[in-house]
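Heads up, the chain below is alone and in the form predicted alone; it's given as structure tokens.
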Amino acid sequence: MKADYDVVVVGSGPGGATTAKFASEAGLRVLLLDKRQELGAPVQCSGAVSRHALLENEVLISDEFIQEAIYGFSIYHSSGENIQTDYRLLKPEEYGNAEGRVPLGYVVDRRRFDRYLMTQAERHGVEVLLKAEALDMQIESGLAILKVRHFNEELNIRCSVVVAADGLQSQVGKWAGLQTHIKFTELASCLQFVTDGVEADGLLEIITGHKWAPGGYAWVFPKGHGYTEIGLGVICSMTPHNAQQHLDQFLKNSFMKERFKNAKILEVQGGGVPLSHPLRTQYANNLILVGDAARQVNPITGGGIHTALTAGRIAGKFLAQHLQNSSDFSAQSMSQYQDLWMAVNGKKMWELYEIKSSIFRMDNIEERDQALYKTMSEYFSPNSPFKKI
């Protein structure tokens, strides 16, 4: 039995599209599938990503997807106390909006960003099918056979390796027998408003504390063109109230309420974000998992764009090298991908998870709030050991 493709990637988010691009660039035959007709929708994240993350993963910085430049962070305690790190002041010779200076990062438009990444994959030789839903996967004669519905047509696609980039609680991973479910206690319910009438000045503002966001944090991010994102994430097991009730309370009663009094809500976005440890096993016969599907999400911040891009680069390069030198697609051979990922990002992500877990094991809310405020402040400091996560 002959393969139709070397690699089929299921899911065209940042992790899937990046995997496909690097694999195809190295000469593999790659198919990229996504069940959606509009990439990046529905929007479930704030869209913040560092300049370093884009450049490290060979994403050319483009006005096509950038909404606003970011120059630093302001981390708040629930009481309003804050620690600010503004790189325009720390390193004015390097960071700023003047000629020859650069931002620290960006807020991106997720719809445009995901479309841009998919376009780059396609221009590197990847074949793309949208409105293509994976229905089942079987292993036969050493190949993976994906059953796919493309519009109203059912296809059986044979390949050497499937990349599951199909998001949180990956269905493709479940077909391979992996435990991809996530504990209710480690899934943040997130809601954000895109607003007009709220000033922001190039900083990512993060507000910690049980009072405003039990189990998570609130945020105020500039979004470009005078718009601002105001949102929060909560762990539902830590509060009887939903994310909307907490966000309403934050807008109306927090120490920022005067700043929010003229806010006009233009868009509502939300979804679930994992604040969990990475998936313990991210591979099976003829299969690897990338991005949210492997829970490769920062367990402290919930940030997933940087980690997905990096995992995609690692996965694409691994597949290129492996498929050019071997016809062994067993789970043992696929485990080498996870070893590579652990060396680059995984160990640090596990370390962050242990830090987060130790904080939320504290029974005293005041002590927990102080510990989270200190941890977040140190995480975003210039000397943080986690700057690449």
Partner chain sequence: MAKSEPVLFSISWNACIQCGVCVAICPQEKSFISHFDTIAVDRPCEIACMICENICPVSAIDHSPAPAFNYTFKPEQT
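Positions refer to the first chain, counted from 1. Everything numeric here is computed off the predicted structure, so don't read it as measured data.
This next part talks about the form predicted in complex with its partner chain, which is not shown.
K.L.:
Can you check 217-225, 238-246, 156-164, 74-82 and let me know which stretch has heavy atoms within 4.5 Å of its partner chain in the predicted complex?
P.N.:
Stretch with heavy atoms near the partner: 238-246.
K.L.:
Looking at K261, K91, H181, K131, which has any heavy atom no more than 4.5 Å from its partner chain in the predicted complex?
P.N.:
By the 4.5 Å heavy-atom cutoff, the listed residue in contact is H181.
K.L.:
Taking 4.5 Å between heavy atoms as the contact cutoff, choose which of G272, G202, G303, G142 touches its partner chain in the predicted complex.
P.N.:
That would be G272.
K.L.:
Although the partner isn't part of this model, could you tell me whether W175 comes within 4.5 Å of its partner chain in the predicted complex, counting any heavy atom of the residue?
P.N.:
Contact with its partner chain, yes.
K.L.:
Do Q120 and its partner chain come within 4.5 Å of each other in the predicted complex, heavy atoms counted?
P.N.:
Contact with its partner chain, no.
K.L.:
So, K348 and its partner chain: in the predicted complex, are they within 4.5 Å at any heavy atom pair?
P.N.:
K348: no contact with its partner chain in the predicted complex.
K.L.:
Would you classify K35 as touching its partner chain in the predicted complex, given a 4.5 Å non-hydrogen atom cut-off?
P.N.:
Within the cut-off, so yes.
K.L.:
Going by its partner chain in the predicted complex, which residues of 160-193 come within 4.5 Å of it through any heavy atom?
P.N.:
Heavy-atom contacts within 4.5 Å come from L168, Q169, Q171, K174, W175, H181, I182, K183, F184, L187, S189, C190, L191.
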